[in-house]
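Single chain ahead, by itself, as structure tokens, in the form predicted on its own.
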């Protein structure tokens, strides 16, 4: 594909230098449907980015769009703070009937604000309130958001530095595989908890991602997660699972922790919970943790009713019959097989892959290779992003609704991009 760089003067002259994705994808996008996105010059791109995981059901999903348009056309409530509305009631009822009860999960639901970092901030605040302690343990290469509390439990040095002030009350521990299996799981963590001279204050909670999306597609083993849950229980620490990017079916089951058979004390959801890319987040917690005073944690946009509408439609359409999980796992096997072939072809480049469901990463010995692969893929008509602390991993994040043919097309394009950047 020949791409003529667009006229970007208004973006370059008026928009802040903080913009990022547009630098790697020099196009002005105009419309999208399913797994295809089109720019204003008529070029079409296969989307293996999915709004950084906010579009699990593709762009402008027709079922969700119809529900949203019907709601707006009848003058349904669009802004309601935390007032009771018919849209909120429909979502809560459906979420309970389709997601929570079938999994025997007893959680209260909190709407903390529109974004993932709002959900994390609420989780951290609630954990500290419940336990009466300040310290939170996180993990190496974690990413939990860009507000100050979330940054304090995020590992990325570049993002942490942007805070401009000390980030306190967070202590990192080694994530699964971080020490390459050379020491028993949680040896360091346990030792610090036991030693009164370690300098680690008794934590209120531990926050973890089952798969670190921004951290480089680092996949925690089920047994590691079970060991962490056991450690939290024994040591009187709450377990927070950040399922903002990996939840809503990204790994197969609706919650990414289901495979491990654990039940976190607190869970954060955002990104694809609305199903349509509309801002929405949830903080879920066990009923005994519902210690909030009315209005103690609030926000103007915590009641996004159009998001409730599309979220309800997504749950009814894709999760009521159990087929979405099977489809996602099947597409994941399709991707895994192709990545295995790519890694075998480029084994001299140290190619390695990892992932689960419909989130995968491809890494090379040359840490600059991933960015080159993504740039070449864009030229070939495909959106891919990088992840990892040095942007060293090619990240595959297609929509859960992508067709097998589209998966094959994307994998062929990826294989070509890898060959042409060797």
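Positions refer to the first chain, counted from 1. Only a predicted model underlies this, so the values are computations on that prediction, with no experimental measurement involved.
The same protein also exists as the form predicted in complex with a further copy of the same chain; that form is not shown, yet it is the one meant from here on.
Although a further copy of the same chain is omitted here, in the predicted bound form all of 37, 149 and 297 have a heavy atom within 4.5 Å of it. Contact annotation: residue 389 falls within 4.5 Å of a further copy of the same chain in the predicted bound form, judged by heavy atom distances.
Residue contact check for residue 358: none of its heavy atoms lie within 4.5 Å of a further copy of the same chain in the predicted bound form. None of the heavy atoms of residue 255 is located within 4.5 Å of a further copy of the same chain in the predicted bound form. a further copy of the same chain is not drawn, but in the predicted bound form it has a heavy atom within 4.5 Å of residue 134. Only one of 177-185, 317-325, 246-254, 331-339 lies within 4.5 Å of a further copy of the same chain in the predicted bound form by heavy atoms, and it is 177-185.
Of the residues 222, 192, 262, 99, just one reaches a further copy of the same chain in the predicted bound form with a heavy atom at 4.5 Å or closer; this is 192.
A single residue from the set 235, 103, 344, 108 has any heavy atom within 4.5 angstroms of a further copy of the same chain in the predicted bound form; that residue is 108.
Residues of 111-133 lying near a further copy of the same chain in the predicted bound form, listed in sequence order, are 111, 114, 115, 117, 118, 121, 125, 128, 133, the criterion being any heavy atom within 4.5 Å.
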